[in-house]
Every structure is written in structure tokens, then in C-alpha cells.
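Just one chain is shown here, as C-alpha cells, and it is the form predicted alone.
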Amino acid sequence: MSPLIELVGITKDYGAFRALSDVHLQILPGCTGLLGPNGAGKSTLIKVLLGLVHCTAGHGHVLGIPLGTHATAIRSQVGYMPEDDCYIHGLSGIETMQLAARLTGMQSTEAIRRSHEILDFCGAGQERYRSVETYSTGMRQKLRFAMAIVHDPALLILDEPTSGLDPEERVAMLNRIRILTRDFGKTVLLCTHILPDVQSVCSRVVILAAGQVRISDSLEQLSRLPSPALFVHFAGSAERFHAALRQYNLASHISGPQQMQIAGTAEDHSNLIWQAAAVSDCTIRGLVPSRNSLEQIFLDAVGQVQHAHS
């Protein structure tokens, strides 16, 4: 797959402060999570991609369009959902959508048709005719998302799209993102602090820390442990189960209440694990390959930078 975004040696300085430092990055088709602590450079990276700030050094392209002198061309093909409100007081939801559509070059009739179509997709009902300043947080999030996709862009950059949403609306927003990537072939760069959202819809993850790319890989690859292991959820005595596993020469440790991590693969050790469970009078309720959690991956990546600067 060819990258839709490719950055080579991107550096951005604000005076004496270096926000991005020698960033090399490729964003492939699909949904990629952009993670990082506050001050990591995520907002600056987004501004670079949209052509809102000029790089101090480096080069790259977005959707095949070079960064620098073609910012308008890039923005015409990208849908951007900012974290902060971006509506005009006095306009209704449908009027705001029409304005966003017309700004992309749509004719008036097509703009109103497309605006209603996208608001329907986003679950907006009759509230589209109300003034935007009367909207709840969730409704404003829907409107910002709708404005980002009204012109059918190939690439979406979504900044905290589920922030402030209740659980039901959060699930609905993630489902829309999933539909756009799976059914309509959109590429999404999802910038968020909510790690479960990334695990829910993203196939790849980029972690920034101190203006540098610390990790850029698939979630599947990152989740693999250096050595294979099995996670076992069971009912019974952990001490007896642990002792029985040792009798069968299986390396293990108790990882939580009625949870055990055992070195090796199911192909090699599943029969022995079941035998140890029977001997110790335990019932196995789950047996799956162990994975690194995204939270631990994130903490390790950020911790490496903090340790290097300490």
C-alpha cells in the first residue's frame, strides 16, 4: 500500500522551542491513531499536514501533494474536525453545513442535498434547524464531524472526536468512523487521548513524545510479546494451579485474581495446562495468547523519552 501521508525529516521550531524534531512518518490507508502526551507535538503535526504552518526543515506530501506551496490543494481534499468549536453564531445546524459545503466549491443545490445526507448519517434529527449555540456538547461534536466529511474527502483528520460524549454517543461516533474506513475506503488519522477508542477502530498507531515519533506500527505487531505467552482465566485456587503447572515444567506467574500467565503457545502446552487444571481442581474459563496492552505500549514509549531527557 502506498502511503497517503509521507514526511521526511520534518522539523518545526517556534523561536527557541522545537515542537517537532526530525519526524519521519508514513500514514497508510486505513485508520491510524495519533497518540502522545500534552506538548508532544500532535497539534503542530496536524497544522503541518494542513499547511497552516511552514516547516523549519524537511519535506513531505499529503495525498501526493507536496507540503509547502500547495496548502490550499491539500485542504480541499482533507476533512478536518478540530477539537474546539468552529461554528458561526446565529446560524442553524443545516445553515452551518451548507456554508461548509459551499466553501468547498459545491453549488447551492448540491450543498443543501449533501448537507441533509451527511446530517442524516450523523444521527441529527430536527435539531438541525435549531441555532447552533443551543446545541449540547454531543450535538456540536456531531456537527463538527459532519462538516469534516461533507465534501467527501479522501483523508480525515479527527482531533478528539469522542471528547465529552456520553457512552452511547461515543459508540455511535466510533461506528461512523469504522463505516467510513471499512465501507467507503476513507483514511483516518485519529488524534485522541482515549486509548480504547484507538483499539476499537484503528489498525495502526503513531506515538509522539517530545516532538519525535517514538512508535509507528500496526497494533497487531505492537501487541505481540517478545516471547509467546498464554493468558489463562480460571476458577479455583491460584496457588494449587500454579503448583500443578510447575509440576509439568511450565513457567507461569499469577497475574491477577484467578488469572495466570504461562510462557509458551497453545499448540505446545494446551494439553498440559488442561491437565494441570484438572489436577488442581481448577476450571479454565479462558485461554488466549497474551498481548501487550496499548496503555503499556504508550507508557513505555513516553517513558523512554522522559528518561532520555532526565
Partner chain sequence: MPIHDPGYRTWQGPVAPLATRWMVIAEVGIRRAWLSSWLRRMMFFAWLPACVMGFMVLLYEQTSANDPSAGRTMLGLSRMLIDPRSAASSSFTDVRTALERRDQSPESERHLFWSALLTTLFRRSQPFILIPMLGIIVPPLISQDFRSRAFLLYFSRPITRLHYILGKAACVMFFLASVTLAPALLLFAAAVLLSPSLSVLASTWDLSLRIVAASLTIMIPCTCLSLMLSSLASESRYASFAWFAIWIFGELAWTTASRSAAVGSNVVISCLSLFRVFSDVTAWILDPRLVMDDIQTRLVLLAALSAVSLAVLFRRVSAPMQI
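Quick caveat: nothing in here was measured; it's all calculated off a predicted structure. Positions refer to the first chain, counted from 1.
The same protein has a further form, the form predicted together with the partner chain, not shown here; the description that follows concerns it.
Contact annotation: of the candidates Ile65, Val53, Leu28, Leu250, the single residue with a non-hydrogen atom within 4.5 angstroms of the partner chain in the predicted complex is Val53. Here is the short version: of Asp166, Asp217, Glu239, Glu110, the single residue with a heavy atom within 4.5 Å of the partner chain in the predicted complex is Glu110. Heavy atoms within 4.5 Å of the partner chain in the predicted complex map, among the stretches 32-40, 281-289, 45-53, 264-272, onto 45-53 alone. Using a 4.5 angstroms heavy atom cutoff to the partner chain in the predicted complex, all of Asp84, Met147 and Val150 count as contacting. For the chain shown alone, Gln212 is not a contact residue for the partner chain in the predicted complex, no non-hydrogen atom being within 4.5 angstroms. The partner chain in the predicted complex comes within 4.5 Å of a heavy atom belonging to Thr72.
Contact annotation for Pro196: none of its heavy atoms lies within 4.5 Å of the partner chain in the predicted complex. Contact check for Leu155: no non-hydrogen atom falls within 4.5 Å of the partner chain in the predicted complex.
Taking a 4.5 Å heavy atom cutoff to the partner chain in the predicted complex, the contacting residues in 172-187 are Leu180, Phe184, Lys186.
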